[in-house]
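Okay, here we've got a single chain as structure tokens, the form predicted alone, with questions on binding and movement later.
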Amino acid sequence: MTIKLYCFGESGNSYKAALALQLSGLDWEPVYVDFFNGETRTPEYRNAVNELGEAPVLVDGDFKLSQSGAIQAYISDKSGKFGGTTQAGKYEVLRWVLWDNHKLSSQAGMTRFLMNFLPEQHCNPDVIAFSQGRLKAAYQVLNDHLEGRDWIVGDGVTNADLSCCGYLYYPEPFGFDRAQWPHIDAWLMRLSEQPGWKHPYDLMPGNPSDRA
């Protein structure tokens, strides 16, 4: 049975789940969520898809799951990939997924949204500057960790990599310049060379150009 993933191209959190599905070899297809026209806020979406009013959402037969980290864990259980190869490795993967959700993706997602998807009059430069300062600290942690490593945990791609990369391939400015972080840059290049890898705007429906 084909797994369905409710997602949209601009969503870094959706990309984490979509990329895990794409690289896992599982049979899946995207279902477009029209976020920018308010679909996730409708009673229909909240009643039928996700009461939290968010994307991504994975549907596998009668099973439904939201939150990218939980979806990645489900994909690992189903495919046998990306979850870590030892007991200690599994917890290390989880540690980095939680770190990303709190320290990296949360700040990157908000900053990118403020800088690119809101009318200028609603953008507070002080908030953006504060968030970019936190992002710089997160980039430093990740860049330092990747020195001398190919992957965040262990000898291959795990959910730690698929989570932490979630926003870092997007072209919109939000305070991330790959050239300033050479170990992150090399890691992103390695990940993009994996068989089946696609850029978020190629992997999922939805692109800022659609609304231009």
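Throughout, we count residues from 1 along the sequence that is shown. This one's a predicted model, so the numbers in the text were calculated from it and none came from an experiment.
Omitted from view is the form predicted in complex with a small molecule, to which the following refers.
Trainee: With the small molecule left out of view, which of 182, 173, 156, 53 would have a heavy atom within 4.5 Å of it in the predicted bound form?
Mentor: Of 182, 173, 156, 53, the residue with a heavy atom within 4.5 Å of the small molecule in the predicted bound form is 53.
Trainee: All three of 11, 41 and 167 touching the small molecule in the predicted bound form at 4.5 Å, heavy atom to heavy atom?
Mentor: Every listed residue reaches the small molecule in the predicted bound form, so yes.
Trainee: Can you tell me if residue 143 lies within 4.5 angstroms of the small molecule in the predicted bound form, counting non-hydrogen atoms only?
Mentor: Residue-level check for residue 143: no, no contact with the small molecule.
Trainee: Using a 4.5 angstroms cut-off on non-hydrogen atoms, would residue 132 count as touching the small molecule in the predicted bound form?
Mentor: Residue 132: no contact with the small molecule in the predicted bound form.
Trainee: Could you confirm whether residue 101 comes within 4.5 Å of the small molecule in the predicted bound form, counting heavy atoms only?
Mentor: Although the small molecule is absent here, residue 101 would touch it in the predicted bound form, with heavy atoms inside 4.5 Å.
Trainee: Look up in the predicted bound form whether residue 35 has a non-hydrogen atom within 4.5 angstroms of the small molecule, and give yes or no.
Mentor: Residue 35: yes, in contact with the small molecule in the predicted bound form.
Trainee: Only one of these stretches, 63-71, 24-32, 144-152, 174-182, has heavy atoms within 4.5 Å of the small molecule in the predicted bound form; which one is it?
Mentor: So the stretch in question is 63-71.
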